[in-house]
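Single chain ahead, by itself, as structure tokens, in the form predicted alone.
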């Protein structure tokens, strides 16, 4: 069994007690932080990291710690498949597990004493889920989750995760090490094309009168605003054709960035945008939203050149990247085909799919 652990600053007081108990039971811990005390941090960040680990089965269960357990459990429950409840006593934990089958338990540093942690966690882990009528209720919740497309991660910009079966099916294939370069290119185009319908949902419409073979009628047409897609070189190129197949008239710009080996910061080496970029609905294409550094820098370049209405379109996103982009650009909406668990020590998305550029072009 593997349990993911996440906390904010107010949950630090319970971290050691939780770790001691889990280690005493020889339970493997996926510690997703926070690791440093920061009074300004957000309980939403560890909630989404732990929720992501449950959703992609990196962890079997989760423990979340904040001041009361309330806010962090609310945030975690926004991740499909997570059933999180704040518990302050063994009795709470037992009923939540028996009737609600909770896979994430939340404890409050201001509600629970460190010496009470072991009894609460033991009650949660040792109580079986009763199933029966309770299982039917959980299944009904799961159906609603699958039907819900939008996942709002934090204030400001919106993050939309695509739960459509066709997209999730193709994402599963593109992740595999057995997927060839040819298949990878085709799948990236197909997935991006399927995402177009949602990323363009807010384009404004106006009415126009036309004549059909039968009579005159009024139809809807996209208003005067124009689209531009801006791939971040080089992996972003693989997403261009998927959009152009649906919206062939949109303009295409390009942004090239590389990471400085000393500062580790993105450095611009190429930027070519449509001349009227300030008038367009802009979609920055960056398949892997990992640390968020490159995506954030690309968005900043677009803004400096007059871009105003900007969205970021990704194949796979990590919570760390989402947090970075929304911290730097709270006005930018993010669209992603999948939300993964976290970044590993090398900055790769887990479980991810490796380096999208290398897989797209057959390089290493």
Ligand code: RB5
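Between two forms, the rigid core is defined as the largest C-alpha subset superposing within 1.5 Å. Numbering follows the first chain given and starts at 1. These numbers come from a predicted model, not from an experiment.
The same protein has a further form, the form predicted together with the ligand, not shown here; the description that follows concerns it.
With the partner removed from view, the residue among 22, 343, 353, 10 that has a non-hydrogen atom within 4.5 Å of the ligand in the predicted complex turns out to be 10. Just one of 158, 234, 137, 110 comes within 4.5 Å of the ligand in the predicted complex, counting any heavy atom, and that one is 110.
Interface residue remark: residue 71 is counted as part of the site for the ligand in the predicted complex, having a heavy atom within 4.5 Å. Proximity of residue 318 to the ligand in the predicted complex: non-hydrogen atoms within 4.5 Å are absent; the residue sits far from the partner. Taking the partner from elsewhere, residue 66 is found to have a heavy atom lying within 4.5 Å of the ligand in the predicted complex. Heavy atoms closer than or equal to 4.5 Å to the ligand in the predicted complex belong, across 30-48, to one residue only: 43.
Core-aligned CA deviation for residue 10 between this form and the one not shown: 2 Å or greater. Positional change of residue 304 between this form and the one not shown stays under 2 Å at the C-alpha, relative to the superposed core. Once the rigid core is used as the reference frame, the Cα position of residue 73 differs between this form and the one not shown by 2 Å or more.
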